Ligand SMILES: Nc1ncnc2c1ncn2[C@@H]1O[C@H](COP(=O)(O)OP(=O)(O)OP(=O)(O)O)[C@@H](O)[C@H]1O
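Read the single chain below, which is given as structure tokens and is the form predicted alone.
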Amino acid sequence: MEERIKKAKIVMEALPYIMRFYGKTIVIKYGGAAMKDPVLKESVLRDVVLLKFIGMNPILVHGGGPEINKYLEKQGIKPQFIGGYRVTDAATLKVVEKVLGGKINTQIVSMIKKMGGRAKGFWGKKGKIIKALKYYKKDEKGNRIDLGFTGQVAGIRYRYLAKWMKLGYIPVLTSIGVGKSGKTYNINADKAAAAIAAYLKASKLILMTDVRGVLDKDGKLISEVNSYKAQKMIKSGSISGGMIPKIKSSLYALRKGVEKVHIIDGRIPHALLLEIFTDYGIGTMVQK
């Protein structure tokens, strides 16, 4: 009986959040261990299906860097990165499209369907959801570095995306954009997710990663941080490495009208539900 009462209390704790976010759009950037571990993968996708069934509008934006690197190495191509951005030559782009679109995206859509949800996959020229421009990285002197077919978001076909959501589908997108000339570009998945959240004025952007969230200098989790403090932490070096693009993507989304951004540890089972539906959450909430 005690166990049943405990379960009932969990539902009651979640109820105010279910009511608050009913009909709201939530963009989830899905990556890291939660994509590689079969148990975690199933947990995340079941959570996404649940969000749709209780009245929210989840959108899944996924990466797949480790899988891309594995395929590149099989073909004798050494993955190259400059300043955290993948150098994407023509051969690498073919692998990116094959792995992200042909394999991972298709697999995620299939799994969601098997779980009782309705999903629609988009990548590159399939739907042309993400409009792209060629991206140039700048060195310390301000000189442009050519990264090949690495791109940046130039626009989102958000009305087309919203149409599929209204029809009851969960959009599943990979971060491959299309330029005016029809060329495809590989785009950072965090930035793609932030842009989609911004264009749709999402209630939440959730970035799943392999760390607990933003940590202070003593390694303790910071449960909430505002834009001003986050920028100060980047300048001081308190935020560094792979967390910098996540924070910058978070700040961009907030400036463009997204209400809250959450950086959470995807290695924790049901991390999405724990962050959205509990009083304390599990990661770092970034707000204005």
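Numbers follow the displayed sequence, beginning with 1. Computed from a predicted model, the values in this text were never measured in an experiment. So that the term is clear: the rigid core is the largest set of C-alpha atoms that superpose within 1.5 Å between two forms.
If you look for the form predicted in complex with the ligand, you will not find it shown, but the lines that follow are about it.
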| query | finding |
| --- | --- |
| Residue contact check: residue 209 to the ligand in the model of the complex, 4.5 Å heavy atom | yes |
| 4.5 Å heavy atom contact, residue 240 to the ligand in the model of the complex | yes |
| Residue 58, heavy atom within 4.5 angstroms of the ligand in the model of the complex | no |
| is_contact(residue 192, the ligand) in the model of the complex, heavy atom dist at most 4.5 Å | no |
| Which of 223-231, 44-52, 23-31, 248-256 lines the interface with the ligand in the model of the complex (heavy atom within 4.5 Å) | 23-31 |
| Option touching the ligand, based on a heavy atom within 4.5 Å in the model of the complex, out of 151, 171, 213, 124 | 213 |
| Heavy atom contacts to the ligand in the model of the complex at 4.5 Å, residues of 46-75 in sequence order | 63, 64, 65, 66 |
| Post core alignment: residue 214 C-alpha displaced by 2 Å or more between the shown form and the other one | yes |
| C-alpha of residue 225 moved at least 2 Å between the shown form and the other one on rigid core | yes |
